[in-house]
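Let's start with one chain on its own, the form predicted alone, as structure tokens.
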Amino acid sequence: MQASDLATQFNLTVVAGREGLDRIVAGGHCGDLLSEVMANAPIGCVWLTIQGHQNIIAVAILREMAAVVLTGGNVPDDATRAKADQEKIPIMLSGQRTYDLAGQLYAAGVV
């Protein structure tokens, strides 16, 4: 599944990094502690988090992530959006809680 398919299937709003929507989703990870995500997120995953600051893009680059999904109605700041566009890392938004969206992704066989 490509990141664009993920956005469509789960009604996620893409707010940055549209040029990276062809990335392949190869797993998933949930977490908000950046050091834990850097150590444990699988390469190519979709990352569900509530964090919206620029450091999420650095972590996404490090782990070669397919996309970052901000859950719970959280939104990235302007600098984060600009960095995501520059690095072609899709940022998507969901109003759902991380737990609920993760369950849906898992049930659909995405992660």
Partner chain sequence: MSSLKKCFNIRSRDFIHAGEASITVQQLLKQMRIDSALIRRIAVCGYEGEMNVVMHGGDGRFCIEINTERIVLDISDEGAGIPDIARAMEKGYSTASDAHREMGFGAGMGLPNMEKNADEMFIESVPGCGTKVRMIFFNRST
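These numbers come from a predicted model, not from an experiment. Numbering follows the first chain given and starts at 1.
A second form of this protein, the form predicted in complex with the partner chain, is not displayed here; the remarks below concern that form.
Q: Counting only non-hydrogen atoms and a 4.5 Å threshold, tell me whether M1, D5 and A26 all contact the partner chain in the predicted bound form.
A: Not one of the three qualifies.
Q: With heavy atoms only and a cut-off of 4.5 Å, decide whether R81 touches the partner chain in the predicted bound form.
A: R81 lies outside the contact set for the partner chain.
Q: So in the predicted bound form, does any heavy atom of T71 sit within 4.5 Å of the partner chain?
A: Although the partner chain is absent here, T71 would stay clear of it in the predicted bound form, with no heavy atoms inside 4.5 Å.
Q: Given that the partner is absent here, does C30 sit within 4.5 Å of the partner chain in the predicted bound form, heavy atoms only?
A: No, no contact at 4.5 Å.
Q: Is there any non-hydrogen atom of A58 lying within 4.5 Å of the partner chain in the predicted bound form?
A: Yes, A58 is a contact residue.
Q: Taking the partner chain as it sits in the predicted bound form, which residues of 50-78 have a non-hydrogen atom within 4.5 Å of it? Please list them.
A: Contacts from 50-78: Q51, H53, Q54, N55, A58, V59, I61, L62, R63, E64.
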